[in-house]
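The form predicted alone is given below as one chain in structure tokens.
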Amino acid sequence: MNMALMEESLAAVCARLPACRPHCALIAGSGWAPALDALATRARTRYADIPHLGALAVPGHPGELRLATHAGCEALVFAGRRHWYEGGGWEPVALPVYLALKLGASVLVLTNAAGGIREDLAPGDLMTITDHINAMGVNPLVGNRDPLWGPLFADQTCVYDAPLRLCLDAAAARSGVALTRGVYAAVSGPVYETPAEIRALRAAGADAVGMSTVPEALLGSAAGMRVLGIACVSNRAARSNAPRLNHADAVAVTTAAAPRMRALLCALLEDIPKYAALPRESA
């Protein structure tokens, strides 16, 4: 990764979002944008106006960085994400994590739309990510020499923070939102998986699959952030003789789930400040 490019992006964001001191950063995946409406936005800027982040071309991703607040929690909200499959390199993918770190956020909340592999996962279900499988064939830390991202051989034993997962469980209970747990597998995309690939991922222990989240999660974890991942099951992953998959249908499912996602995120943000103040290793 070219850290000089990231520094240029940071300077632009600091100029557009002054006095930004977030408790957490939230990266919203496909279809999650409507769930952000309940947050009070203090300032915003388009991705297109942030050097080296750039406008988004993927439907369901507005492409806007917001400084938002809810219940005393200040959040750096990325309404949409860049993906490895877009071909822009790792800088656009890693930039949200870099900006969050540099602006002082200690908690990283990642959301996505995913294909359900486990048989009991139905479209619209919300799943806490307990662990992941990197099946992308690439890793954003290859060639890293910057200490910001932690040691060369970063430990990934517990990428998704256990206390934050309990916090999410409590938020789900308060908001009356059903929540399940599972392992998320990331593939490079942009094509959907074949039935044979889904069988292989199921055998490897994956419960859901998508084309994002894992790069940001491993970067945040390696850098010492407390990471939380939430997937909305947007479709059943590829099966023989099943209906053909398309992105528009996946976004439609997550959009329909927006009221539950909104309630869950609002309840979660109520508790984030107290977790953000704790060192990761002592929680």
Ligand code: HPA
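Residue numbers run from 1 along the displayed sequence. Given the structure is predicted, the values throughout are model-derived calculations rather than measurements.
Below: the form predicted together with ligand HPA, not depicted.
- Out of the listed residues A237, A231, A217, L53, A237 is the one that sits within 4.5 Å of ligand HPA in the predicted bound form by at least one heavy atom.
- A113 is the sole member of L110, A113, L76, L168 with a non-hydrogen atom within 4.5 Å of ligand HPA in the predicted bound form.
- Ligand HPA in the predicted bound form is not approached by V93, whose heavy atoms all lie more than 4.5 angstroms from it.
- Contact between E193 and ligand HPA in the predicted bound form is found at the 4.5 Å heavy atom cutoff.
- Ligand HPA in the predicted bound form is approached by V209, whose closest heavy atom lies within 4.5 angstroms of it.
- With ligand HPA omitted here, the record of contacts in the predicted bound form names 185-193 of 154-162, 132-140, 185-193, 118-126, defined by a heavy atom within 4.5 Å.
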